[in-house]
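We give structure tokens for two forms of one protein chain below, kept apart as structure 1 and structure 2.
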Structure 1
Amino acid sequence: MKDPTSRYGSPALWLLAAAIFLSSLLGWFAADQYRNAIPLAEENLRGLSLSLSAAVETLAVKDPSLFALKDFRTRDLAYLALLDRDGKILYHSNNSLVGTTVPDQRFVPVFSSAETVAGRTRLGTGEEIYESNSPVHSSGQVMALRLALHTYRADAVIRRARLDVFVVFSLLTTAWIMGVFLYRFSLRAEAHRQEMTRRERLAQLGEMGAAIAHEIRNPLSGIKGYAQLLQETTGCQDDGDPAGLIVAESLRLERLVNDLLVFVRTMPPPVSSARIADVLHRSLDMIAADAEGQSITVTADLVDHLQVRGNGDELQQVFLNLFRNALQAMPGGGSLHVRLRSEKGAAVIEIRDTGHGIPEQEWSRVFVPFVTTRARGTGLGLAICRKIVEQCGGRIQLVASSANGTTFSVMLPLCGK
């Protein structure tokens, strides 16, 4: 089991924080540009209306009949009108409106406080325009000049800023998507690298183990044989006498060598299948006597019909190892529960005991060969389990462990899946 904090260690967190900071900075910059563009456009329109007002006033002074305004045209001008203090139109770019009265009162401050009133409003066509009402003096008479300006050209800065915001946010979104892809890719590459390192290490270990096992096996048989002969000769069958101790230790060494040979053996992918409930029943029968001797209650909840890919004898070894570990974790009695169910095209076997549990710092290493928490353990049991299960295309994991017990889960693909 992998320590979940290692993946999101401080470098990744720092990188994420930096990315969020930079994204926020760019987002803020784009939004600020957009916010500043609006007053800039207003300033442009204000400047334009002041220039046009000055030009109109000059023409009105030169020609008090206002006839000269007839040819006054600019690209940004929607219309212009000169009003008296009653709102009556004295001049209008649409000549047919001269003599009528404007329906609004927006010109009133021009006469009451001699100030220019300007802002955006909407015409009957739906177009948004910039309208300014300013005082104009001609022949001793004060008039209100109403200028309506198209905003399209002045609003170019706003449109540009809006486009910038769009581009920045699109780039940021793309960058984040790519970043997530790269992050996922790097995680996979790292997992692959670790797996390759593990396999390489196991291969080296296997070569060394196989050599040692072969060298030990023959002399060990001799030692065990002579010790058993000595036991028979002396007639003492007690494990406490020296010959008995030699036999017991020889048997332990023999198990270690056998485990080692199983562990290093190259196994081809399984071609056979096994009825997993039968395998579990056989394994449970084999530990039944030991469980009873230790006052351990064994219960099983097994779905009967599941057929998995794998060799029955090898799978039996997996469950025997797991069950024996469970029994060893409950020296003072307890309960062992085995559950088999079908889930997403796989058989899932859950083995739960009420033993003393595995220390948290050992969780990530329980399947590593030669790592054991027991004084006389070989540290190969769970490593062998993992090897056999993975060979069958399955997965074994330590689901949970505490002072109240441990739960292991084995997932094996069903036949034909």
Structure 2
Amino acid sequence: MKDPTSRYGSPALWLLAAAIFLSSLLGWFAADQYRNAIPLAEENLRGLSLSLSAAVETLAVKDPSLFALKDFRTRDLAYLALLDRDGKILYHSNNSLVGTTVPDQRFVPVFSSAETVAGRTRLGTGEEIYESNSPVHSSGQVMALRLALHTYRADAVIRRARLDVFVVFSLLTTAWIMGVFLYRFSLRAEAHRQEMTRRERLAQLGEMGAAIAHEIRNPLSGIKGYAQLLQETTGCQDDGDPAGLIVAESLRLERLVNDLLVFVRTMPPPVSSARIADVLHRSLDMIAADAEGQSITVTADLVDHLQVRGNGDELQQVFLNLFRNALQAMPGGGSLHVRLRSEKGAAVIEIRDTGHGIPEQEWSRVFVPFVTTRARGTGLGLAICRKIVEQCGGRIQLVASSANGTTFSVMLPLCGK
């Protein structure tokens, strides 16, 4: 039965896409509100200035002496002034300025083209205001009405929109941080659950394997003994002889039983230490003859002084398994390179061969017990390696594999680290 997620995608991807869409929508909405708040505030100021201009013009028409303007007050009005064509102030909220001339030319378009000129400017006190210059008709003459409006109420709209943007983006950022944290927490919980499931499965397998191994060992020893006796009786020591084949297969089964017992055995935490370079040298010496027979060049770049936690004999078994796997991957010759270095409180051993590589679909299962790509393999070698290395507090992993070769990495904690 096909997994439905293969057609419609992973639920996590759908959830991520929905989160990105909603975040983008909220961000766009907040930014759009802020963009609209600026012209809205300016439009409010413009509408207010038009209303006040109409009111002032009405008063100026009713009272050409402009005396009625002295009581014209609103809380949004900073000041108002009426100017003639030369910029002379005919009326001003501050009576002491009447008769003076304004230094700027912002009122000129009122007389030249009869248009209203409005915009923000700054007073000498430093306050920013909204100033409009518009024409006013009174007693047959045209005057320029200058209104200066406080902008704090309009600016409050902009500040509120800016605050809303800040709040929305702060909440989105917090939500994403919490989402990433929860996602990583769920990944760790899932990895822990899988590890506990794996250990439980291995424990059950260990109990069953130990019982089977013990039951097989005794009759197997008898079969091997009788086959060897038959060889001696017949005087035929050829491995192609039926008795010789029985002995060879018995020895293979015996190795399988021994590997199974090693795999299911509960190992105590290591209390000893080993000079890892010496372990590697011994392991390389043990495969030297086989490597020479297969025309395989072996090179080693080893740091001598590194001392790691672990049993030397068990670590030797790890590297012998890895080296023999490398030799089996190069039946037509090649090269095997071993490198030992120190990195962040650990000894890192890289084992690289030029063999045929491991199929990509098998990468995730190379350390799973009883999984092997060889016809006569047991699938326990790398599983045992992983168990020994992890028992030492280290890590073993397949770094890379292709048609040009395979690289394994073993990391072992240094003593005192």
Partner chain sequence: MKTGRCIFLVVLLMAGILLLPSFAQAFWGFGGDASRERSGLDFDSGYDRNTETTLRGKVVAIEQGEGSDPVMIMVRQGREEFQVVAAPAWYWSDGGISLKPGDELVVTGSKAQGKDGKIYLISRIISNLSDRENVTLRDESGKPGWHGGTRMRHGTAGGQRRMGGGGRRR
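This one's a predicted model, so the numbers in the text were calculated from it and none came from an experiment. Between two forms, the rigid core is defined as the largest C-alpha subset superposing within 1.5 Å. Structure 1's sequence is the ruler for residue numbers, which start at 1.
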item: Correct structure when looking for the form predicted alone; value: 2
item: Motion between structures 1 and 2 between rigid parts - which of E57, F169, G393, T121 is the hinge; value: F169
item: Smaller rigid part, angle turned between structures 1 and 2 (C-alpha superposition) in °; value: 10
item: Rigid core fit between structures 1 and 2: Cα deviation of S139 in angstrom; value: 4.0
item: Between structures 1 and 2, how far the Cα of V117 shifts once the core is aligned, in Å; value: 3.5
